[in-house]
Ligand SMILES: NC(=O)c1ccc[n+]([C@@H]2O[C@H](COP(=O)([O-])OP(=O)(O)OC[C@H]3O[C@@H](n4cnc5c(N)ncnc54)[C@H](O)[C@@H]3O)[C@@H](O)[C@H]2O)c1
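As structure tokens, one chain now follows by itself in the form predicted on its own.
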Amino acid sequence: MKLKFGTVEENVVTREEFPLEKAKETLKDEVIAVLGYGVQGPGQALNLKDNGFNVIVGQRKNSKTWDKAVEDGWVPGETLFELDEAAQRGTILQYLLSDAGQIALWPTVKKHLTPGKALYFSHGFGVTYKDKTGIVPPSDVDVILVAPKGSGTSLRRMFVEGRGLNSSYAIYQDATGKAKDRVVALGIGVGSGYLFETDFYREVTSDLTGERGTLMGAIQGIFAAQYEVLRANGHTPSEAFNETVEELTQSLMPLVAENGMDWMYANCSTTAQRGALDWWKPFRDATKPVFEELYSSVKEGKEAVKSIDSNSKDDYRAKLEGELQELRESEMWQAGAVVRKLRPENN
């Protein structure tokens, strides 16, 4: 259906328009092979299975993720296979390995993309940057995308709670004439609350910008800046953390999610309202040049090159752990660990 977002009309698919029963009927003859059981794989695979679809998982043996799949109920030789065998068995291949993993496994997957199959992504990276990744799908398969707007953990948690995470969907190649029905059915099957239309390029450029921006990179930077200013001016770690992170995540952001920023402003003290209204534009003006620089780096492919180069190195995991340890052991997040333990629901 067409819905207006502000003044712009967009294509949106809802569960009412495309119910689960219709999705199951659409994919009744398909074998959905979820390749990769890391970030998105568990949530999407389990949701599909619980929704009644024919799902198998492909993962490397003798790995932590293989063991996790077994713990989650996937049975070796029945619903859990090596990646090569799963790709051969599947009619829809959900390519959910990391971007670096997709590049490495592409020759194996490509040989199993026989005519009429569908190649499914949850990120437009591999195909959009095909000159750098080498991922060029055959012309006789559907190439589709469903990108949940959140982590695989959130997708699964919200599904179990009876809720849905909104997702984007895209069609890169419709070889069978069934790509639209296939992608929408899969979007409903993995637990999307609704689906909004995009394309592979727009998905990857917005996603890379968001991850480096307000979703992760910018928010950590803002947290750190405010926390450090408060601590430098004599505030205790608990006070600095509560005023920087805890109140935002536990009290205010849920209100924004439910009703919007304007509603949240209207339901705060007049002192808070005045300060927020006075200061949001200076923060916008200060950070907008950084976002423009970030988007330019994404658009020019620089971020893709950085990601491919770093993620493909043998010591990537070790270096990543070192960078994560720096975050984890910072005073702000050490304070956060104590604050989380003190929440009433944890006692």
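Residue numbers here begin at 1 and follow the sequence given. Not measured: the values here are computed from a predicted model.
In what follows, reference is made to the form predicted together with the named molecule, a form of this protein that is not presented.
Out of the listed residues A266, A104, A225, A257, A104 is the one that sits within 4.5 Å of the named molecule in the predicted bound form by at least one heavy atom. Distance criterion of 4.5 Å from any heavy atom to the named molecule in the predicted bound form singles out L96 from the list I92, L96, L186, I144. Residues of just one listed stretch (117-125, 240-248, 194-202, 134-142) have heavy atoms within 4.5 Å of the named molecule in the predicted bound form: 117-125. In the predicted bound form, the named molecule stays beyond 4.5 Å of every heavy atom belonging to G213.
When the named molecule is considered in the predicted bound form, A175 lies well away from it, no heavy atom lying within 4.5 Å. The closest heavy atom approach of V39 to the named molecule in the predicted bound form falls within 4.5 Å.
In the predicted bound form, no heavy atom of N166 sits within 4.5 Å of the named molecule. Three-residue candidate spot T65, L83 and G152; every residue lies within 4.5 angstroms of the named molecule in the predicted bound form by at least one non-hydrogen atom. Residues of 281-319 placing a heavy atom within 4.5 Å of the named molecule in the predicted bound form, in sequence order: Y316, R317.
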